[in-house]
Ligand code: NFA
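A lone chain, given as structure tokens: the form predicted alone.
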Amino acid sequence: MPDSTIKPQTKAKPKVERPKLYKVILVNDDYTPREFVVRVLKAEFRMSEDQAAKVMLTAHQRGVCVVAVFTRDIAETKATRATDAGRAKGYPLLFTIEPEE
């Protein structure tokens, strides 16, 4: 009987890439009250009062401010919900997303 060697088969592991990240950006406007922006940042992005105030002031001074970085689905959802909160009160509050470099 011939000797047969059994070679173990190796399974190729699929290479899993990390998901691309997206920045949620607060765009400043001259109509939305600062207190309301802070309230939205605290509610939607779970920021402290101090963090929310700093983000709001940065957006006010520079025109825009990165609020947080998430995967695409989460970034889109949070940006949409935060923008919708402003629209519900009649404010032109705007959050956008863009890919992180």
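Quick caveat, the model's predicted, so the values are computed rather than measured. A residue's number is simply how far along the shown sequence it sits, counting from 1.
Keep in mind that the form predicted together with the named molecule is not shown, yet the notes after this line are about it.
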item: The named molecule: the contacting residue among Arg46, Arg72, Arg34, Arg62 in the predicted bound form [heavy atom, 4.5 Å]; value: Arg34
item: Heavy atom of Leu93 within 4.5 Å of the named molecule in the predicted bound form; value: yes
item: is_contact(Val66, the named molecule) in the predicted bound form, heavy atom dist at most 4.5 Å; value: no
item: Distance check, Leu26 to the named molecule in the predicted bound form, heavy atom within 4.5 Å; value: yes
